[in-house]
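Just the one chain here, the form predicted alone, laid out as structure tokens.
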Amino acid sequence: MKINENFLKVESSYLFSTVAKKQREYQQAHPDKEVIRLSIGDVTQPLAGAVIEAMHKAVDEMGSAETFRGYPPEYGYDFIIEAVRKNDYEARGIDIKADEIFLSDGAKSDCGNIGDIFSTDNKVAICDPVYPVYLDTTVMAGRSGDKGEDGLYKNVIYMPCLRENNFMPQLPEETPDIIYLCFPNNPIGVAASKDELTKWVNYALKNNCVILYDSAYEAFITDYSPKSIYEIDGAKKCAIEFRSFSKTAGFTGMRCGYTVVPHELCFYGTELNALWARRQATKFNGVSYITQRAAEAVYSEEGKKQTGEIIAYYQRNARAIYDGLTAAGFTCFGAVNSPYVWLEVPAGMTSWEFFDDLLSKCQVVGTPGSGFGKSGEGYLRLTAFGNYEKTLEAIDRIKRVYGK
């Protein structure tokens, strides 16, 4: 028996698991201290009333033989697929077909699982810093090569997102086969303009690349930045898009998202749509009926209004963090189109040193930027998904200790 040795190349602990472990250890050692979490991007506000009502109705249906449902359709019930197609695409002037939409248990799963349909010798380009799942699953699949002395994987093309380039990845000099992009990006919280995305689409078309586009935070966009990569001409020939109800509608505990694979996306005469359809039919049994009815309710008139209010709540948190810490003398980024604030740590400290200092002196938990990649060193990510009053308290604690 042999194991997949690629797993041994991955960091032994997932970033957010390490953060949670450190928090637990501190609380056990200091039971009298209240810790405020501004770290993991988990929502805290309850589900919208329209969503709860739809779930109750669906539960009742499951309790009757006449309306009971077993295995769902492989790619999603027609009612939710049509709601997604009409509201997320047709309403924005984008022509996406029903059979190009695949419902799933979340964008995180799909962002990693999509690699199943690609050859292991494809070269992958990833932003740095970046959501860890893109890199970790690339390593697990055997596409990364070994890690060098610099801590970087030899077969991965890293695209640094630095203050000097406005945290926007630059077109790589070495041509990749697969490009992971996420906008508004996690962890930095910066959205891409139409011109920026057009540059990437044109590059992918010219170089025969596929873009894996994570649009999990599109609901937080407040300016004219594209919410979908398919707003860019030609994108359906080179891009797969991932969407999630987790942040849009608070479904982190419900698990529901979807992936769009256009029929126009072909390589060597093969549609990627057909490959993904086959993969999902084999390895995934679908999202529960109750959850799909809940997702459908997000698109109702009341659902849109109520989830919009929840998004606004988190946006207020983000602005409070940004304004409060900027006033305290910190340099901050993000917050405008994102639930995240990217904070520059005090001079002379590493990301993890500041994490520990913040926890011990303020009892506030963030996420060290270096955990998102080498270029994240010197920063800390703070999330706006907490309670508003507790968020203000966390800001006040930080200002009292570090304020200038």
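Residue positions are given as counts along the sequence shown, with the first one as 1. Please read these numbers as outputs of a predicted model, since none were measured by experiment.
Not on display, but discussed next: the form predicted in complex with another copy of the chain.
Visitor: With heavy atoms only and a cut-off of 4.5 Å, decide whether E11 touches another copy of the chain in the predicted complex.
Guide: Yes, E11 lies within 4.5 Å of another copy of the chain in the predicted complex.
Visitor: Answer for A327 alone: is it within 4.5 Å of another copy of the chain in the predicted complex, judged on heavy atom distances?
Guide: A327: no contact with another copy of the chain in the predicted complex.
Visitor: Even though the partner isn't displayed, in the predicted complex is I52 close enough to another copy of the chain, meaning a heavy atom within 4.5 Å?
Guide: Yes, contact at 4.5 Å.
Visitor: Even though another copy of the chain is not shown here, does K33 get within 4.5 Å of it in the predicted complex, heavy atoms only?
Guide: Looking in the predicted complex, residue contacts with another copy of the chain do not include K33, since no heavy atom lies within 4.5 Å.
Visitor: For the chain seen here without its partner, which of 192-200, 301-309, 120-128, 161-169 has a heavy atom within 4.5 Å of another copy of the chain in the predicted complex?
Guide: Of the options, only 120-128 has residues within 4.5 Å of the partner.
Visitor: All three of D150, G234 and A347 touching another copy of the chain in the predicted complex at 4.5 Å, heavy atom to heavy atom?
Guide: No, the candidate spot makes no contact with another copy of the chain.
Visitor: Taking 4.5 Å between heavy atoms as the contact cutoff, choose which of R279, R319, K97, K86 touches another copy of the chain in the predicted complex.
Guide: The residue from R279, R319, K97, K86 that makes the contact is R279.
Visitor: Between the options V287, I188, A297, C182, which residue brings a heavy atom to within 4.5 Å of another copy of the chain in the predicted complex?
Guide: Only one listed residue qualifies here, and that residue is V287.
Visitor: Do any residues of 93-122 have a non-hydrogen atom within 4.5 angstroms of another copy of the chain in the predicted complex? If so, which ones, in sequence order?
Guide: Contacting residues: D105, K108, S109, G112, N113, D116, I117, F118, S119, D121, N122.
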